[in-house]
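What follows is a single chain, given as structure tokens, in the form predicted on its own.
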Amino acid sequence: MAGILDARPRVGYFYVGNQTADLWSEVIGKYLVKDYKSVPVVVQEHTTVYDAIVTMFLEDVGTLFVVREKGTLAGVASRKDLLKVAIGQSNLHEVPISLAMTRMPNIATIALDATMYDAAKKLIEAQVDSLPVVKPGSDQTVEVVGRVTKTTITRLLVELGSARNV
């Protein structure tokens, strides 16, 4: 059943060759982003850096997704982005978040139908704490519909390890 050993009548048990890593990727590959995504924390493109910092602390997140009026993804603002502006000599009440954010297309995103394994891999490769979950929009834009964080991946692994139904 685990894919490591198999049995045949009059032959006995024999090694099939599946590695433990293959089994883990098969298990985690069954779970989809659309089932585990959380609510995205978004701010509008014209929001000030001060208001973005306040939102970040009130929502207790490390990343804000910056959207245009139609809800399409314009950029991502991390703690590091906001800290750079705060350390400078600018007035945080006047500087728009659009000047501090990382802009599209330099943002790693994940689709709704991707697996959690793909999301975990992308988090590591992009060296980020959070991915916006997006669905394609019109004119090659993407709409933010959720987020996947390192905590989301860790929560899934803990639930799998505790043998609960996830």
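Start at 1 and count along the sequence shown; that's the residue number. As the structure is a computational prediction, the values presented were derived from the model and not from experiment.
We do not show the form predicted together with adenosine-5'-diphosphate (ADP), though everything after this point is about it.
- The partner is not drawn, yet in the predicted complex one stretch among 27-35, 45-53, 129-137, 111-119 has residues with heavy atoms inside 4.5 Å of adenosine-5'-diphosphate (ADP): 129-137.
- By the criterion of a heavy atom within 4.5 Å, Val67 is excluded from the residues contacting adenosine-5'-diphosphate (ADP) in the predicted complex.
- Within 4.5 Å of any heavy atom of adenosine-5'-diphosphate (ADP) in the predicted complex lies no heavy atom of Val61.
- Contact check for Ile107: a non-hydrogen atom falls within 4.5 Å of adenosine-5'-diphosphate (ADP) in the predicted complex.
- Among residues of the shown chain, Ser78 is one whose heavy atoms approach adenosine-5'-diphosphate (ADP) to within 4.5 Å in the predicted complex.
- For the stretch 84-103, the set of residues having any non-hydrogen atom within 4.5 angstroms of adenosine-5'-diphosphate (ADP) in the predicted complex comprises only Thr102.
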